[in-house]
Structure formats: C-alpha cells, structure tokens
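Encoded as structure tokens, the following chain is the form predicted alone, with no partner shown.
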C-alpha cells in the first residue's frame, strides 16, 4: 500500500489528525517524565538505611514528677532493657534514621569561622550504639565506656571522638577518604574532634536531604527531658518484645510517660508515605492520559469511517478486500501516531531538561523515550482496530445508495 495517497488524503482533512498527534505528543511528554520521577522516587525509597530495620523498635520516655531523675532513670532503664531475654542490645539516643527529626552540625578539616563546613547528621550513642543499630565498622575502633559522657541542653562543648560513615569521609576527604581515620576535624568552627572509626553506612533522619548518608556518632548520653530508647531484638522476636518493653518501662517508674513506640519498618513507611502517594498519583495520571488518548483515536477513526462510508463501499465494489480497507485505516493512524510520538519525544526531553534545572531532578534514562514511543504506537494501533474493522465490514452495496 502506497503511503503517499494515504498521507495526502489525510492532509485534506488535517484538523482531527493534528489534534490527535498533539494529544499523543503531550501524553508522551508527561508519561516519560512521570515515569522518570517514579523511578527516582522508587530508588530513593529502596535505599538501605544501614541499620537492622527488621529487628529494631524504639520508644520514648518523658519524666513529669518533681523527683524524677533523668540520669538515674536512663541508667536503670538501659540495664533493664539489655538484660531482657531476646534483646540483642539497647541504647538511648536522640534520633533514628528516617524519623524526620534530629541534630545536624558542620564539620571542617581546618579551623575557622570563615571556612564552609560539611553538613553531618549527629546521633548521640554510647559504646553499645554500633551493636544496637547493627552497623558495620569498616575501619578504626568503637567507643569504649570511658568515652561516653552526659550532655545537657545548655552544653555547647563536644566530645573529642566521633565515628563517621564512609560517605562523610568521602565528603571531607574526596581525594583520599581512607585518610579520614585518625584525622582531626573541627566542629563549632574550631573545636577539634578525632575520627576514630569509619562505618559502612547509616542514614540521616531526613530522607530528602542531599547528604542523607553523611552521619556521625558521638559518645554521649543526652539529658534533654525526653529520652528515646532504641532496642534491637533477636530475629523474629521484635513483636513479642515490644509490649513487654512498654509495660516494663511504664511499671518501673510512675513519674514518667512512656509513648510513641514504633518499629523502624513503620518509620520507613511513614517517612516515604508522601513519595508512595506520589507514585500512585502519577500512575493514575499516566493510565488516565493513555485512556483519553486511546479514546481520542477511537473517536477520530470512528468519525472518519462514518464520513467515508460511501467511499469505502465504492472501493469495496471496485474490488478492494476487507484486509485492504483494514490496512488503510491502520496505516493512516500509524502515520498520525508516528508524528505524535516524534513530537512527544522532543517535548519530553525539553521538559526534562527544564525540570532538571528547576527542581534538580535526574535526567531521563536513555531507554524511556523509545519505550514510550513503542507503547503509544501500540496503544494507537489497538485503539483504531475496532473502527478499522467496522470500516472493513462495509458492504459494496453501500456505493449504490444515494443517501
């Protein structure tokens, strides 16, 4: 079948064809960029936090009684928690990964207020921190009991030791991250701190932060009024231990409130809830746009068949087969769809370039545009199949009708 006659016939009534091609182009541009955003969000949601999420839960304690001694309560609680059957280890800390609330500071390799520091998330832990979180120490040594101090809200001085993640070491010493071990960095502009260990990975409390894997552990208990205990259970015993821990803490000291017990898995779900909702919304938008585009193709093809019924009958009377009529309409729609996906490919790339600059998104994967082209061409051919089959079923006798 010659494409020239089909194209010229289509251009004589080109308004509908142009509208469908534009609809395909817009659908493709939105589809490709929406899928790219969904992929980026999915990768972000799948990032490991570095801790033993499946077996960790945490709970908060807030004292209210006049005779409540926070330091004594922390010491007694930790001894009790660590002695429970099924508990691997437990600590008191200020935050946990993905909890959306924590402490951050700037570290710099040279002292001075004029030097720009590198942001790092701070977790206050004791010598049980690595074991409780299930972290992997790549180099150096863990904290010892003698390293651990006590920090009140008004304190501004920092301990002289810290353990950082590999990502933080790379940020501080991009040319030689291994040299971070044993080096002296500065916090609060000029307060020295020695890096005594480098751990493999741990995430900050804020999932949207660009430095989400820049983390430092410091050896301090906190006396901030509210205490958070993190408990790591033996595999399979987390759910069994959670109500026990809550009840024991509540019964052991009536001068406080025990609340906000959550698992790390629940924390991850809450942290990425908005991203999950966005993925669902974008999936719905893609499906809706694809459906609307398909219905538009069906409508245009049905209108074309109705308008050319007598012409189709004449061709049938002159010997055109059903398959020839079917191929005609399928080819006509294929030409419209090709124009649409080519324009859509250019529009998708342009839109992505703008979003990369405006919103710091990742660039399109090289395969997204060709895959979307094939998908929309296939959708177009499936959508036009029904009207094309109706056209092919027009009998030759229609050509003899005067009305």
Partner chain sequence: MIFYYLKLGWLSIRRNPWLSALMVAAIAVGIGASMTTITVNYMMGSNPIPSKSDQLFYVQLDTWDPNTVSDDPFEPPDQVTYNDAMALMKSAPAYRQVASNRSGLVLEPENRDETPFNVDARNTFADFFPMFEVPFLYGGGWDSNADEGMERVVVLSREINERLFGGENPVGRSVRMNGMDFRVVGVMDHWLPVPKFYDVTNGAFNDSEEVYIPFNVAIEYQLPRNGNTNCWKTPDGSGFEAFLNSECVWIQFWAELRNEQEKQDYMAFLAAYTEQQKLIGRFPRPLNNRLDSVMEWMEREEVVADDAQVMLGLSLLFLLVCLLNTIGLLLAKFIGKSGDIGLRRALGATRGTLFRQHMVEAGLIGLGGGIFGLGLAWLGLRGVEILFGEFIENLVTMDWLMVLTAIGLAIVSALLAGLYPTWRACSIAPAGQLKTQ
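Residue numbers count along the first chain shown, from 1. Because the structure is predicted, anything quoted here is derived from the model rather than measured.
The same protein also exists as the form predicted together with its partner chain; that form is not shown, yet it is the one meant from here on.
Checking 138, 80, 292, 72 against its partner chain in the predicted complex, a heavy atom within 4.5 Å turns up for just one residue: 292. Residue-level contacts in the predicted complex: of 296, 119, 177, 159, one residue has a heavy atom within 4.5 Å of its partner chain, and it is 296. Among residues of the shown chain, residue 382 is not one whose heavy atoms approach its partner chain to within 4.5 Å in the predicted complex. For the chain shown alone, residue 66 is a contact residue for its partner chain in the predicted complex, at least one non-hydrogen atom being within 4.5 angstroms.
The closest non-hydrogen atom of residue 154 lies within 4.5 Å of its partner chain in the predicted complex. Its partner chain is not drawn, but in the predicted complex it has a heavy atom within 4.5 Å of residue 300. Heavy atoms within 4.5 Å of its partner chain in the predicted complex map, among the stretches 257-265, 89-97, 236-244, 125-133, onto 257-265 alone. Contact here is defined as any heavy atom lying within 4.5 Å of its partner chain in the predicted complex, and by that definition each of 15, 281 and 285 is a contact residue. Contacts between stretch 320-357 and its partner chain, counted in the predicted complex as any heavy atom lying within 4.5 Å, involve 351, 355, listed in sequence order.
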